[in-house]
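What follows is one chain in structure tokens, specifically the form predicted on its own.
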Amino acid sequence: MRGFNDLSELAPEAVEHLLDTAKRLEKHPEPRALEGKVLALLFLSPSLRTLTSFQAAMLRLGGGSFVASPQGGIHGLESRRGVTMDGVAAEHIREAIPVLASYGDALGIRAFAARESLDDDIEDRDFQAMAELSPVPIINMESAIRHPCQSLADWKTMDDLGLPRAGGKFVLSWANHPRALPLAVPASTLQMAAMRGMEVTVLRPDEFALPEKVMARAHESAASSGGSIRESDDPREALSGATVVYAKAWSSASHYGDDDAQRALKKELTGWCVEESWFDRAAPDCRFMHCLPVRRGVVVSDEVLEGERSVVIHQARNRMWAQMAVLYEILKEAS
């Protein structure tokens, strides 16, 4: 496997192979599989689970890793082309990425959306430009519109719990948040559930529809897998019979990059916090999912988050196993 950028770029059998590898490594460790291999990690955006789970994954496979981050001691990095670098940034990404790549056998990059151009972010232009600078395989640790490692872990989590694929009712629900958040997690989660063949409902207020291109890609995947995609602004209707409720805040596409307008839109939406009452009409064993970090009392109540239906810790643990599978397939075959 040459890099890992998006689940939708993989054939169904390739996704299944990754899942099988993750499950196998969980049950039957291979502590020397990647002995002598080095993973370079570039974090242009903050992280807790992504950083630590990748480091733990490499250690469990016998390899090593190092982290470079503007928040962790390296020079400020410039990414724009053709600028005069007379400001804070001391180094350009066009030099930094090839240098980091020369120290490792693969390079993971995490870079959130700039939220300046919706079209640029949907097409992931900034991330693709960075990936093209690396001579070694690239792993997308979250970009403007993709978070494939999270989605692979979420898929494994649902498999672990015996949640159905075909016929499973998956509700991706918008949630309130004090900040205007990127689209990567909701877009990738929608794509993952569609690829899994589930009956997906995107539950969101009127002004928070996901971009047309994101929805179109998900519809295409659902058509191939036998799943379905629909939208609703009615929690009571959408949650009826739900197998999974996956909550995540995201920005309004119609006011993209305008934080003042985003805040104004959300003034009347404080009720979009997942409470136990949301599950009154859901399936009895409906599960609550979230990628973390999560704002308690804003996105979800303590009661739900700490209750038996919450699987957020299981999801987070699966980040390590899923990423071990990705690293194994990229680096083991290169040995």
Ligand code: CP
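Position 1 is the first residue in the sequence shown; the rest follow in order. Everything quoted here is computed from the prediction, not taken from an experiment.
Keep in mind the form predicted in complex with this ligand is missing from the figure; the text below concerns it.
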Exercise. Considering only heavy atoms, tell me if L292 and this ligand come within 4.5 Å of each other in the model of the complex.
Key: yes
Quiz item: Is K156 one of the residues lying within 4.5 Å of this ligand in the model of the complex, judged by heavy atom distances?
Solution: no
Quiz item: Is L59 close to this ligand in the model of the complex, meaning a heavy atom pair under 4.5 Å apart or at it?
Solution: no
Self-check item: Contact flag, T50 vs this ligand in the model of the complex, heavy atom cut 4.5 Å
Solution: yes
Quiz item: Which residue among Q150, Q191, S251, T201 has a heavy atom within 4.5 angstroms of this ligand in the model of the complex?
Solution: Q150
Exercise. Name the residue from R146, R196, K169, R110 that puts a heavy atom within 4.5 Å of this ligand in the model of the complex.
Key: R110
Quiz item: Pick from 305-313, 270-278, 42-50, 28-36: which stretch has a heavy atom within 4.5 Å of this ligand in the model of the complex?
Solution: 42-50
Quiz item: Are there residues in 302-327 with a heavy atom within 4.5 Å of this ligand in the model of the complex, and which are they, in order?
Solution: R319
